[in-house]
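Shown next as structure tokens: one chain only, the form predicted on its own.
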Amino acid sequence: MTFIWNELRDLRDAVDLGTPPRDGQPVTLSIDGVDTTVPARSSVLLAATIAGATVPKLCATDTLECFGSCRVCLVEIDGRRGYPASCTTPVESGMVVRTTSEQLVKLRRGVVELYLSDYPDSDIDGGWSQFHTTLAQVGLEEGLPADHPYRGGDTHADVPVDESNPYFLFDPAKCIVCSRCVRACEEIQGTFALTIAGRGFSSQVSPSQGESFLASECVSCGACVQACPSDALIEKSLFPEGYHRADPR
């Protein structure tokens, strides 16, 4: 499956550009002082990746259209207020972009701390997902400190694991509600079997109308598993002795 997806993206070394490549006239902009030329309509995130910058991301991937929900890929752009998400910001000729600064480090870390406040401690050490890569990028590879103010709140640790599908399982305790699985089901497979139900803390991935994955319209194509950045959706074959859910905090 990895080979097929890399071929679809036309990538070398499995580098994820963050957003899909575009066709258009060449546009040159500056990324961290490096002049970079990409097709018009490309995202700043794609341009930054091509320029060699490492911009943390969670909801963004080059196999899906940009979404802009995770707020981890923030950048600074001369002449613009605030810190726009690089995945949803199109490039412009002459644009000057900075992908790292003291304030960006602080903002990104703060966002990821919120995700960590509802993620199992016991699944942080030794994890191999994109979420764990992002933790390392923002300096949180060991998780939240014991005295962190975000500790002690509600979590999804008591929401049951859905193991109904014979090929993969869904653990809501690891879900960061990035919608990548929902978008993959729609954009890649065209099944529309998944949605995000609820709002705020109650938001969660829901197959069809609150059914199990097996009882839903899911066709077990695996697009959602491939898209998931946090291993909330993961192949059962990786657990030959059965899945042992992370211990709650």
Partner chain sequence: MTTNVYVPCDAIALALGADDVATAIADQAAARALDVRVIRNGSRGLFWLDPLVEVDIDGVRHGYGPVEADDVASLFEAGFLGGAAHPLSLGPVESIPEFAAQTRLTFARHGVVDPRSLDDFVTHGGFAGLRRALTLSPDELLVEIETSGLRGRGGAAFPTGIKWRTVANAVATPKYIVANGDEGDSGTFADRMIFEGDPFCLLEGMAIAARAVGATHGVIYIRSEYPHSIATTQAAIDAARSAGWLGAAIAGSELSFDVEIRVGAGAYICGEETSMLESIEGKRGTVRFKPPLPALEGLYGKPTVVNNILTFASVPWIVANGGAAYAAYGVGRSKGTLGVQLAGNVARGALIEVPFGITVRELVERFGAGTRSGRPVRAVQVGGPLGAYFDNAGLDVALDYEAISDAGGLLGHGGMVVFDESVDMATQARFAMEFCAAESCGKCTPCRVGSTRGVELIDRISAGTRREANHEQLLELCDVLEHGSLCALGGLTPYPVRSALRLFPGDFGLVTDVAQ
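Numbering follows the first chain given and starts at 1. Computed from a prediction, not measured in an experiment: that's the story for all the values here.
Keep in mind that the form predicted together with its partner chain is not shown, yet the notes after this line are about it.
Under a 4.5 angstroms non-hydrogen atom cutoff, its partner chain in the model of the complex has residue 200 among its neighbouring residues. Heavy atoms of residue 117 reach within 4.5 Å of its partner chain in the model of the complex, making it an interface residue. Contact annotation: residue 196 falls within 4.5 Å of its partner chain in the model of the complex, judged by heavy atom distances.
Residue 163 falls outside the set of residues with a heavy atom inside 4.5 Å of its partner chain in the model of the complex. Between its partner chain and the residues 66, 181, 55, 38, the one pair within 4.5 Å by heavy atoms in the model of the complex involves 66. For the options 107, 159, 96, 136, the residue carrying a heavy atom within 4.5 angstroms of its partner chain in the model of the complex is 107. Residues 71, 74, 83, 88 of 71-88 are found to place at least one heavy atom within 4.5 Å of its partner chain in the model of the complex.
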